[in-house]
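What follows is a single chain, given as structure tokens, in the form predicted on its own.
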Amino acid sequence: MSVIKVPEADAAGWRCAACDEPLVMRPVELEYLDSLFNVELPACPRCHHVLIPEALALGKMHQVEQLLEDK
């Protein structure tokens, strides 16, 4: 499965609140309504928590959610 790269998801300047590690871009699996997506997002290299930037959550992710819900 190919990885979706999202220009709005930039790891620059972000650190993990729990580990204080700088976030790095890595592929993660997102699942919504039985659909699975591999997306490159900022994540902590130690604890693997993922950051979904607000602009991405309220923009493209919201649009995809609406498309899937309309099916």
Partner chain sequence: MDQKELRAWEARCVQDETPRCTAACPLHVDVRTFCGLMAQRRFDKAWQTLAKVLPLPSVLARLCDAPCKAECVRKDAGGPIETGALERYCAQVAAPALPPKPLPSRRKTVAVFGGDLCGLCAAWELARRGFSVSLYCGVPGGSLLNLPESVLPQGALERELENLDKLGVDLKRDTDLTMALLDSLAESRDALFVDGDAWPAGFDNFGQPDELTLGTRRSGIFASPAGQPSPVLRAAAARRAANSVERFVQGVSMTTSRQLEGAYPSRLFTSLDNVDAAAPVCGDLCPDENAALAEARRCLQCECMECVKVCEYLKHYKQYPKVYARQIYNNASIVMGTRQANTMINSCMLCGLCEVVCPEDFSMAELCLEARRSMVERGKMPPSAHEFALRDMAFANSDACALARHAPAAESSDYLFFPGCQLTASDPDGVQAAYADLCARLGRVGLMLRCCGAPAHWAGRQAMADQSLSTLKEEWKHLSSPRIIAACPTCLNTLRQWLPEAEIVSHWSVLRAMGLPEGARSDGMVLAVGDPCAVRHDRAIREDVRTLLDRLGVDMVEPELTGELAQCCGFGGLLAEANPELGRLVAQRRADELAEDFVTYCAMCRDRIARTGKRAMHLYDLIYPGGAEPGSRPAPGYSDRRENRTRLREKLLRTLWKTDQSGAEPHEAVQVVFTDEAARLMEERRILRSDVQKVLHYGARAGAQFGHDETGRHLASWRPSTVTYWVEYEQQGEGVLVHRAWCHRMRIKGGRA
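Residue numbers count along the first chain shown, from 1. On a predicted model such as this, the values are computed, not experimentally measured, just so you know.
The same protein also has a form predicted in complex with the partner chain, omitted here; what follows describes it.
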item	value
Heavy atom of A9 within 4.5 Å of the partner chain in the predicted complex	no
Contact of I4 with the partner chain in the predicted complex (heavy atom, 4.5 Å)	no
Interface membership of M25, the partner chain in the predicted complex, 4.5 Å heavy atom rule	no
Residues within 4.5 Å of the partner chain in the predicted complex, restricted to 26 to 43 and counted by heavy atom	V28, E29, L30, E31, Y32, L33, L36, F37
